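Form predicted on its own, single chain, as structure tokens, below.
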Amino acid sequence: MYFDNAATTVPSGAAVRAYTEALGLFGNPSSPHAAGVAAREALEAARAAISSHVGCRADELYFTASGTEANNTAIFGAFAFASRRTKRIVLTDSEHPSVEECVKRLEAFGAEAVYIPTRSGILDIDALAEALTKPAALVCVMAANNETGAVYDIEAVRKAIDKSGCGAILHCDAVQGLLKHADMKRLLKCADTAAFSAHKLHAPRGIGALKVRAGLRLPPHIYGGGQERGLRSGTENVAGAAAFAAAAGEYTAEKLLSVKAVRERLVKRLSEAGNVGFNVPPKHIDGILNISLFGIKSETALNALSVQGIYISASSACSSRKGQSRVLKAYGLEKAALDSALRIGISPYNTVEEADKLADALLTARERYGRI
């Protein structure tokens, strides 16, 4: 049973079919002959489909190889664009490493980073407003947190930037958020740039996308043949783009309800068992359920489940080698809750029956291997 869908997802049947069919379009999308034109048409069809889910124009969407690349392109590009005016960057204290590490790199070149608290999964808007009383080049606030599922108020961030007159570009890491919350499309309209990744939506790894608001001319981060209108050189992944579009088209409101039902079953079962902490922000996506299974360390629980073929995680896969989660520390968890924290990633392909089996496995692991 796979409950690590916040790390990556199994490609859906539609995504696999789209990918396989597009592999037959072997021409280079930049070539002028018929094979190249056919590949270009498929690429642009995928771009139009994905942009409709994002809520932007097709010419505002650029393909990348990953969400990480999209974040890097946006952050380094936006900083280069705006750093002549100021070198201040404002970001939350719970951003993904592909955002935070970019900012740390820029600090080595003179940037000033200002971190905004997100205790209990709530963005401190007052602290943000205070930070924006000075000019800022860039504000980074993710759409949905990859460890707690917290959905941050991007509209309030946009209003704070506009009210301050600081002139900052608003970047949003929407890798976990795209199509996972009813308000997400509306929230993403507030961002100047936003990053996406197909493999969080049941499409293959190796394809991502970046929204860049029309009129915002970012300098490129990757140089070469000038593909993607000069922003991201490199021959485009036509099959990946087609699979991305197919998977996004399947992520309907009914799928969200299915995820919600599985989550509610898990919460009910674990609540009845007791001695379980629910690290749940007031506004969140249902696909991520973060709990503290008190009485057993995270690693012990993970190993006990893994040998049974049940897969969950303790934190972001990109942070798993770095010890205790800085995101959960920022959330406000004390040591006992941190030591026993588990992240359950739910997809539309999980079932209520699987939720019962997962709850049973977690509780059995605690009984056998825990120190309650």
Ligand code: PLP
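Heads up: residue numbers just count along the shown sequence, starting at 1. It should be emphasised that the depicted structure is a prediction, and the values quoted were computed from it without experimental measurement.
Not on display, but discussed next: the form predicted together with pyridoxal-5'-phosphate.
Asker: Please tell me which of I285, V175, A243, V157 lies within 4.5 Å of pyridoxal-5'-phosphate in the predicted complex, judged by heavy atoms.
Answerer: Contact with pyridoxal-5'-phosphate in the predicted complex is made by V175 alone.
Asker: So which of S325, S347, S340, T68 reaches within 4.5 angstroms of pyridoxal-5'-phosphate in the predicted complex, heavy atom to heavy atom?
Answerer: Exactly one residue meets the criterion: T68.
Asker: Thinking of S292, S313 and R366 as one candidate spot, does pyridoxal-5'-phosphate come within 4.5 Å of a heavy atom in every one of them in the predicted complex?
Answerer: No: no residue has a heavy atom within 4.5 Å of the partner.
Asker: In the predicted complex, does S197 have a heavy atom within 4.5 Å of pyridoxal-5'-phosphate?
Answerer: S197 belongs to the contact set for pyridoxal-5'-phosphate.
Asker: Indicate whether pyridoxal-5'-phosphate has at least one heavy atom within 4.5 Å of a heavy atom of T148 in the predicted complex.
Answerer: Flag for T148 set to no.
Asker: So in the predicted complex, does I89 come within 4.5 Å of pyridoxal-5'-phosphate, heavy atom to heavy atom?
Answerer: Taking the distances in the predicted complex, the answer for I89 is no, it never comes within 4.5 Å of pyridoxal-5'-phosphate.
Asker: So in the predicted complex, is pyridoxal-5'-phosphate close enough to M142 to count as touching (4.5 Å, heavy atoms)?
Answerer: Residue-level check for M142: yes, a contact with pyridoxal-5'-phosphate.
Asker: Out of the stretches listed (94-102, 75-83, 222-230, 110-118), which one is close to pyridoxal-5'-phosphate in the predicted complex, meaning heavy atoms within 4.5 Å?
Answerer: Looking at the other structure, the answer is 94-102.
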